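Single chain ahead, written as structure tokens, the form predicted alone.
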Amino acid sequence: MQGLVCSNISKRYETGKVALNKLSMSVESKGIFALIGRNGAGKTTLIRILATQLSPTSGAASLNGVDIIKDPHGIRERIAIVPQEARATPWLTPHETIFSYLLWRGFDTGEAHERADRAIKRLAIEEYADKSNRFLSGGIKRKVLVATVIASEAELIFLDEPTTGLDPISRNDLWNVLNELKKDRFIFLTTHYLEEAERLADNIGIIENGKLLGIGTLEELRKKVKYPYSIKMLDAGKKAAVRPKSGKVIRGLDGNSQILTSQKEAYAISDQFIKKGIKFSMNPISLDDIFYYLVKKPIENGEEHEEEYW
């Protein structure tokens, strides 16, 4: 089968920790696939296995028919990766960074220079091309790393939490770049920013404790949740005794409440809130709602109390 295929991938470390537990999935090799999960869910372990940096305890994986486990050298020619801990070498310039990487991958000097120039132009960082990386902002440094891997024209690009630590403006800039790149690249990214996955991904996987809980487009994942609408109270100072005929009420530590319910019930509750002057928002369920429904925990740290009504 073509695309990225994983069959019962498991990884147990020497400490006894199980990072992946018989994970199976099949993803078409185009666009952006986002794997979301909380810290420690198994995202980085999976990406390291698929990028041939780590061997699984058991299981199999392939990319467009090439066996990732049995033929790591064959697969490395087809992929490129920006690990979570990757940093641009401080004493090199962006052009030197990309150029040296391409030489390492086997390109000759002339082609390496040409590819570096094209990648720099594509990511709109020409004005920084000959400045030392140590003088660049965090957002530009991340763009340099992305430019480095796309210059290779690899079939599959792995980006492990590429926007972690970036300010909102730099993150949005990189999102725009990735949205453009996905038109002719297959990008596998991991993230714990749900908005990032919602904005970028053609397909999304949700992982928790090394297990894949759901995979598909956002609309396909919405079908996994029993309730299609979400109502969020925005006024924590007001209390409303809400007892939906069917649905789920989640009360957060900040005093706000969220109700997952049917469309009909959502409109009925909205009418009550309007009459009582309670501030609220009503929307089709978001990826954040789906994540909580499947994982039973929020993606950020914190606790919530949950009540259910049937």
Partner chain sequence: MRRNIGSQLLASVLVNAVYAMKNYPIMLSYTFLSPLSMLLVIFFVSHGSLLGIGIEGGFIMAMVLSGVSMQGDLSHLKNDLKIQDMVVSSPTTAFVYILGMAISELVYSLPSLVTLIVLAALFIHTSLMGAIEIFLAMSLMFAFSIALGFMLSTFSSDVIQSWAFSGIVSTFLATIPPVYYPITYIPLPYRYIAYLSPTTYAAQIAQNAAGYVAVPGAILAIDWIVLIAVSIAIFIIAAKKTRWREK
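Positions refer to the first chain, counted from 1. Everything numeric here is computed off the predicted structure, so don't read it as measured data.
Below, we turn to the form predicted together with the partner chain, even though it does not appear here.
By the criterion of a heavy atom within 4.5 Å, residue 101 is counted among the residues contacting the partner chain in the predicted complex.
Contact check for residue 55: a non-hydrogen atom falls within 4.5 Å of the partner chain in the predicted complex. Not displayed here, the partner chain is approached by residue 79 to within 4.5 Å at the level of heavy atoms in the predicted complex. In the predicted complex, the partner chain lies farther than 4.5 Å from every heavy atom of residue 60. Considering the partner chain in the predicted complex, the lone stretch of 281 to 289, 265 to 273, 30 to 38, 43 to 51 in range is 43 to 51 [heavy atom distance within 4.5 Å]. With the partner omitted from this view, the residue of 216, 83, 228, 138 that lies near the partner chain in the predicted complex is 83 [heavy atom within 4.5 Å]. Here is the short version: of 223, 121, 183, 73, the single residue with a heavy atom within 4.5 Å of the partner chain in the predicted complex is 73. Using a 4.5 Å cut-off on any heavy atom, the residues of 87 to 113 that reach the partner chain in the predicted complex are, in sequence order, 87, 89, 90, 91, 92, 96, 99, 100, 101, 103, 104, 105, 106, 107, 108, 109.
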